[in-house]
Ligand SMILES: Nc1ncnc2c1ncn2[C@@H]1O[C@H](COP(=O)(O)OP(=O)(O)OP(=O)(O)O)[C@@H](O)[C@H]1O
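Just the one chain here, laid out as structure tokens, in the form predicted on its own.
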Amino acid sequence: MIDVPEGLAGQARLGEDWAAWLDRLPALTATLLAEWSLRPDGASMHGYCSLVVPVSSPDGPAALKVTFDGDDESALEHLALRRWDGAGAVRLRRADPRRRALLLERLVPQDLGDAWDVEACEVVAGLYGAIHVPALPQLTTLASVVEKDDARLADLPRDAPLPRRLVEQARSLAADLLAPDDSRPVLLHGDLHYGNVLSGRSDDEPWLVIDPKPMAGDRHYEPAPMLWNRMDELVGSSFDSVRDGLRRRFHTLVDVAGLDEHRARDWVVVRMVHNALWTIDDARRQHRGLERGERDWITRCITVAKAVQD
């Protein structure tokens, strides 16, 4: 039986559905190992909602990934990986969508977390071109996700800890960004940041993306996670140092990827306001006040949204 890493086991605090999945996970993983003729070949790893087991397979080293079955965002991960077929991304060898299980090529577990942030932004921006292929029809659309969040934003109480001006700006920008145009939707990663890029398989492919939360939509939606992650590195003596650092990252992503600066900026504002909204809504649903970590996250969201604007 596979032991569930402590960091993943702790997710049981998030609710009964998490606890039930975590209880099933060791037996489910053992069943998959047996059915797919796999043998554990190293210490298990985990993300926020998945277990990853290094394995040996009949075709060589691989990684078995089993994801929480209540995570809707990653439900179609297998479709994105099949569509990319290893171009700019980890290669998918086998999938069982019903059991949320993937057999992946094994990559070196070295991500962009220790790279200079500007260098990391250059790497990620360079990967956009490989992964932003025409979207699959089965994917959730970015428009449907944003419209749902906008409806929730409209119901946000005026005393919520989010500047009203920023709320109204995000709603206005979202309406403009979702207006019909002639551009074709692309396959979006959805959560492309430093930790979701691993060392690649060759000198020609030095970095590959993992762990997509795929959607169909505007490629300008993609940069925001590269801004809100690793923000602690930018903290200096004043807001200006954080602002300058965030803007440096933003302009690196835009310039290297050839994005429209204004459209990318507007999506950052919308995404950060929606991120803050989710945190506020979580506390409201649980009929409690915001915890310190949640207040800090909302402050981070506001900081990023302000920093990218002139």
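Nothing here was measured: the structure is a model prediction, and the numbers come from that model. A residue's number is simply how far along the shown sequence it sits, counting from 1.
Omitted from view is the form predicted together with this ligand, to which the following refers.
- request: Considering this ligand in the predicted bound form, find the one stretch among 222-230, 155-163, 117-125, 190-198 with heavy atoms no farther than 4.5 Å from it.
  value: Selected range: 190-198.
message: Does this ligand, in the predicted bound form, lie within 4.5 angstroms of each residue among Ala143, Arg184 and Val186, using heavy atoms as the measure?
response: Heavy-atom distance to this ligand in the predicted bound form: none of the three under 4.5 Å.
task: Let me know the one among Ile210, Leu177, Leu92, Ala135 whose heavy atoms come within 4.5 Å of this ligand in the predicted bound form, would you?
output: Partner contact (heavy atom, 4.5 Å) among the options: Ile210.
The single option of Asp71, Glu105, Glu147, Glu205 touching this ligand in the predicted bound form, heavy atom within 4.5 Å: It is Glu105 that has a heavy atom within 4.5 Å of the partner.
field: Proximity of Thr279 to this ligand in the predicted bound form, heavy atoms at 4.5 Å
entry: No, Thr279 stays farther than 4.5 Å from this ligand in the predicted bound form.
query: Going by a heavy atom distance of 4.5 Å, is Asn275 a contact of this ligand in the predicted bound form?
result: Because no heavy atom of Asn275 falls inside 4.5 Å of this ligand in the predicted bound form, the answer is no.
- prompt: Is there any non-hydrogen atom of Met45 lying within 4.5 Å of this ligand in the predicted bound form?
  reply: Met45 belongs to the contact set for this ligand.
query: Does this ligand get within 4.5 angstroms of any non-hydrogen atom of Pro109 in the predicted bound form?
result: Pro109: yes, in contact with this ligand in the predicted bound form.
field: Residues within stretch 273-308 having a non-hydrogen atom within 4.5 Å of this ligand in the predicted bound form
entry: If the 4.5 Å heavy-atom criterion is applied to this ligand in the predicted bound form, 273-308 yields nothing.
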